[in-house]
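Coming up is one lone chain in structure tokens, specifically the form predicted alone.
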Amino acid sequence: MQATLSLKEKIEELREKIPEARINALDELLHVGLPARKHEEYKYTPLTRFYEEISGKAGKTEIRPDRYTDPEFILKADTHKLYIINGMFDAETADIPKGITVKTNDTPGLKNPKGHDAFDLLNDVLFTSGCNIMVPANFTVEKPLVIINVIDKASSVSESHISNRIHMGQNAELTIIEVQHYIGENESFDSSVSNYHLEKDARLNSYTVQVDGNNNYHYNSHHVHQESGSVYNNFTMTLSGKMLRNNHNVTLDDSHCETNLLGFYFADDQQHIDNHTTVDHRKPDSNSNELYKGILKGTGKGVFNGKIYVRPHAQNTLAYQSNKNILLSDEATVHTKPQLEIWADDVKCSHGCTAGQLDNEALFYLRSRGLSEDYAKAYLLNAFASEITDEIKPAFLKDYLSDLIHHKLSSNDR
């Protein structure tokens, strides 16, 4: 009887199968290993254990276009759409805006693998394809560009890894919406790593939409590099999935950059949502604003770890970070850890976190005005979430997410 290979042995076997450009990532992955439970960055999120279980069961899924439909909120929206199906970019059905270039990405995203998250390294080794998007200088894409990552797990357990790249030329502007779309009820593990580069005065509005699938484990990572005067806005909305890990790493590598990271997550029974962010101020006169809000119900679990670095040359930095959570049951848990490291003396920075139940005084006030207890709770919870959703610019996306959050908050027992 043949012995079962360890995960390390399986990874080592890839050495003869992957392109030379990925060997450095493979060597670094073998050196650091996938994170164990004692790893500081993953001590509340045992993603490695589930990856080991799923990768051993994953089969090859037949690609059947007749099974695929767009997510509900995309069907009637006026957008451009790109499809990645089971890890492969579908160039034939791509609706590419005139004036920009979209190609299949087959280039590893990590220039220097050392020091990166192990799951970034795993993605660099295993990814099959993705989108490589280039927006030329002084060009504005008028309609949102949607990347739909279709994970077909209807016939078997699924594993897939994709990598996307976006390069924004000087003074270019784009709105990108990244959507995970799951087909079938089997388990799945998928990873998505995006690398964004914003040249001088470029503007990128990025939306990460995780509202589909219940039996999936997902690793999502963004690496953003900003040049002078560029603006990067990201909204991460997580309302479904069994265990999700979102990493967001932004480097403000010149002066007068602006970064805004907003996130909302809702974790119900058997859901685990983990958001890790890093904002690195390296040059003077740049601003960052970060607000993540979560609602946790039943046995739902949440994790937030936010880091802000202000380097010695980053004088006149303005940096704000906040994480706020509402727990709707005694069994719900959240682990929150805002971090701020400053090596400059002329800065304005703040960070903080809160975790608690609904405001009893506000609830009493609404009840005294004749509202039922359930309606009053739903009203307060929707108001809590609206601080994030009100900032979403595409009207179709804002309306859909607001309605979905309202439905989840109104229809669940509290």
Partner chain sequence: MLKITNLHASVEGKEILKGINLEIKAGEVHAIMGPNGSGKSTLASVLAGREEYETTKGEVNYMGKDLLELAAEDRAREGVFLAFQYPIEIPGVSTTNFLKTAINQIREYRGEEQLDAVTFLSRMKEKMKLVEIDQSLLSRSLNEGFSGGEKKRNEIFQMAMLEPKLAILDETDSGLDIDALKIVANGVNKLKTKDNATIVVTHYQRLLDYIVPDFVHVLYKGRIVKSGTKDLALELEAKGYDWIKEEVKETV
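Bear in mind the structure is a predicted one, so any value in this text is a computation, not a measurement. Numbering follows the first chain given and starts at 1.
Unshown form predicted together with its partner chain; subsequent notes refer to it.
Only one of 38-46, 343-351, 24-32, 372-380 lies within 4.5 Å of its partner chain in the model of the complex by heavy atoms, and it is 372-380. Listed residues Ser55, Gln357, Thr69, Ser386 were compared with its partner chain in the model of the complex; Ser386 is the one with a heavy atom within 4.5 Å.
A residue is said to contact a partner when one of its heavy atoms sits within 4.5 Å of a partner heavy atom; Phe364 meets this definition for its partner chain in the model of the complex.
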